[in-house]
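Just the one chain here, laid out as structure tokens, in the form predicted on its own.
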Amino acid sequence: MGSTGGRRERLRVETTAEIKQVALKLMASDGPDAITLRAIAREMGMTANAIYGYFATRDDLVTTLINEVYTALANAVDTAWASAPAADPAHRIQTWARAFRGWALANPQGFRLIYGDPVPGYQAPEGGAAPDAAYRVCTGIAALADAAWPHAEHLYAGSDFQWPDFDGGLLSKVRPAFPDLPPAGVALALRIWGHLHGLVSLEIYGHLRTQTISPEKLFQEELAQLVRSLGITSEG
């Protein structure tokens, strides 16, 4: 019985993993609306009813996918951040950014699922599909601004950002984690995010392909310019 149960569980784990892989493959080839349990069943040579034994609804599958890929991204950038010395904020910011781009290039469909194409009709559970990962990435971005702030604060002395300028959900994450970061610092975090996310999105969606043969060089120079604009000497 034990051996039979073990084989059954291994088969279930393997089939669940294949379902998720096929879902991302369908998204890559035909867009997010291609993620349906019937299409996945057809691709795998299973009946639709058999798929429901693994995921009760399409939304359950999408939630699982988002949670797993978002958690993998959070793990990648958190590990990169922890690996860089706190005494070298330029290197730390660049290390986080390179990890973000590296993960996105290795997992383009995961990136698109988190940040790009919405799955039509998908309803996320209350609190979001991946609340822990979303919190970790959000506070990770704020940490970039927090690391830069002692060097950059004087550059934003004229900023008129106030707390009401920001979404309450964002502030509920950032302010407890970085109580000394002022409204101008939160705005700086969003601008840093715009720099990094913008270039990576252009690369993932193929918009840089006809513009440059060296998107990595472009990204590296953007990072160097970013830390210079923050008043930090780059050692990364």
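Numbers follow the displayed sequence, beginning with 1. Computed from a predicted structure; not experimentally measured. Basically, rigid core = biggest C-alpha set you can superpose within 1.5 Å across the two forms.
The same protein also exists as the form predicted in complex with the DNA; that form is not shown, yet it is the one meant from here on.
Though the DNA is absent from this view, in the predicted bound form it lies within 4.5 Å of a heavy atom of just one residue from M46, L190, L171, L199, which is M46. Looking at I35, you'd find a heavy atom of it within 4.5 angstroms of the DNA in the predicted bound form. Though the partner is left out of this view, S29 does not reach within 4.5 Å of the DNA in the predicted bound form, counting heavy atoms only.
Interface membership of K217, defined by any non-hydrogen atom within 4.5 Å of the DNA in the predicted bound form, is ruled out. Taking the partner from elsewhere, Y205 is found to have every heavy atom lying beyond 4.5 Å of the DNA in the predicted bound form.
Note on the interface: of 191-199, 66-74, 50-58, 177-185, the segment with non-hydrogen atoms within 4.5 angstroms of the DNA in the predicted bound form is 50-58.
Relative to the superposed core, F55 shifts its CA atom by 2 Å or more between this form and the one not shown.
After superposition on the rigid core, the Cα atom of L26 is displaced by 2 Å or more between this form and the one not shown. Annotation for I35: C-alpha shift of 2 angstroms or more between this form and the one not shown, rigid core superposed. By 3 Å or more, the C-alpha separation between D33 and N107 shrinks in the predicted bound form relative to the form shown here. Panel note: the distance between the CA atoms of E18 and Q109 is larger in the predicted bound form than in this form, the difference being 3 Å or more.
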